[in-house]
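Just the one chain here, laid out as structure tokens, in the form predicted on its own.
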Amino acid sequence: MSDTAIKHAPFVRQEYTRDVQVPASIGEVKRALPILERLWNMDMVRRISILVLLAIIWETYARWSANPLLFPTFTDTMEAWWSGIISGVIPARLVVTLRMLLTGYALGLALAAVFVTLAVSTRFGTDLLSTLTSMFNPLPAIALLPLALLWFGLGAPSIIFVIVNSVLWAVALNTHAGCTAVSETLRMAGQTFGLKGFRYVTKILMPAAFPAILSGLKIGWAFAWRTLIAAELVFGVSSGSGGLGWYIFENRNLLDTANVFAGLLTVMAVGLVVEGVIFRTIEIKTIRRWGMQH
């Protein structure tokens, strides 16, 4: 055989075999975590630990300052809070506040859905939503209190009007941003199946944009909650209507600082329940289950 043929001949790898060594024992494949590590991996335990730490800092600083008129201790606040619950004052004020909150929040979500549907369906709707959000979203909702007084007078309708304004633009802006971020593949898939208008929004855009929608719902809830408490401080003084905001203002006039802190503690407790239970359950059942969030 010539040198050229040898040079271009395919390389033949030498065959060999190896004996597989089976270990006598594989070892510990799965090991149970220590009880403290398992507890610390639970979100609820970590959150409760943070709350306990804050309570300890609160109690320590209040005892060090020794001025209950300005800063009551955590134990005094809890006693006032429990006394308000047992007497039924705080639950009654909370019911009044939540009733107005849910009404305004629901109306704000309904209007946001209308604006977003128009925006994703027509060019005019997009321009309309962009213009209105640029005008009203930077405007603090509390600044509409004088206008609400002129239009609706004293009472719940004025507060609900302010809540709607605080919810509407935040939810609409986040929802529209999520819808515009949906990939063209999903959009064309919906158009291929003949989906248009409302069905196109509910079947394609809303599920794909749900992470942004959920963020908008959280922001809208936070805006509505703090706007409501601030509005009740003003409207409660004007009309005597009783909610948590009026409860806080009333006790401030009486220099009962412990009850003022108890009212604030109720506001924060409602926020923790809504964020940690309601919205978190929705998040687990939807976007985490779909693999859209880790």
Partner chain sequence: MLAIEGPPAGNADGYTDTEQLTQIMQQPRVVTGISTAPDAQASGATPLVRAHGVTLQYKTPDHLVTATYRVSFDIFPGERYVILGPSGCGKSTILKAIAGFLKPVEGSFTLKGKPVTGPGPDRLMVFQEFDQLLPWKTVLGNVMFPMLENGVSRADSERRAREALTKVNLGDFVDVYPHMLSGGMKQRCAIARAMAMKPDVLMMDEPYAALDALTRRKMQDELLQLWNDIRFTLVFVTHSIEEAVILGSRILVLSPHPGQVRAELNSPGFAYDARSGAAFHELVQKISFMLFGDRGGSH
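All of these numbers come straight from a predicted model, not from anything done at the bench. Positions refer to the first chain, counted from 1. We call the rigid core the largest set of C-alpha positions that still match within 1.5 Å between the two forms.
Just so it is clear, the following notes concern the form predicted together with the partner chain, a form of the same protein that is not shown.
Exercise. Could you tell me if G194 has a non-hydrogen atom within 4.5 Å of the partner chain in the model of the complex?
Worked result: Taking the distances in the model of the complex, the answer for G194 is yes, it comes within 4.5 Å of the partner chain.
For this session: Tell me, yes or no, whether P140 is in contact with the partner chain in the model of the complex, where a contact means a heavy atom of each within 4.5 Å.
Result: Judged by the heavy-atom cut-off of 4.5 Å, P140 is well away from the partner chain in the model of the complex.
For this session: Give a yes/no on whether R99 approaches the partner chain to within 4.5 Å in the model of the complex, heavy atoms considered.
Result: Taking the distances in the model of the complex, the answer for R99 is no, it never comes within 4.5 Å of the partner chain.
Problem set entry | Partner proximity in the model of the complex: S87 to the partner chain, non-hydrogen atom cutoff 4.5 Å | Outside the cut-off, so no.
Exercise. Is every one of R47, S215 and R226 within 4.5 Å of the partner chain in the model of the complex, counting heavy atoms?
Worked result: Judged in the model of the complex, none of R47, S215 and R226 sits within 4.5 Å of the partner chain.
Exercise. Which pick from M78, A189, A106, L118 sits with a heavy atom within 4.5 Å of the partner chain in the model of the complex?
Worked result: Checking each option against the partner chain in the model of the complex, the one that comes within 4.5 Å is A189.
For this session: Consider the chain as shown here, without its partner, and state which of L144, L129, A208, I160 has a heavy atom within 4.5 Å of the partner chain in the model of the complex.
Result: Exactly one residue meets the criterion: A208.
For this session: Pick the stretch from 89-97, 152-160, 178-186, 132-140 whose residues have a heavy atom within 4.5 Å of the partner chain in the model of the complex.
Result: This holds for exactly one stretch, 178-186.
Exercise. Core-aligned, is the CA shift for K218 between this form and the one not shown 2 angstroms or more?
Worked result: Shift of 2 Å or more: no.
Exercise. Superposing on the rigid core, does the Cα of R99 end up 2 Å or more away between this form and the one not shown?
Worked result: Comparing forms between this form and the one not shown, the R99 CA shifts below 2 Å.
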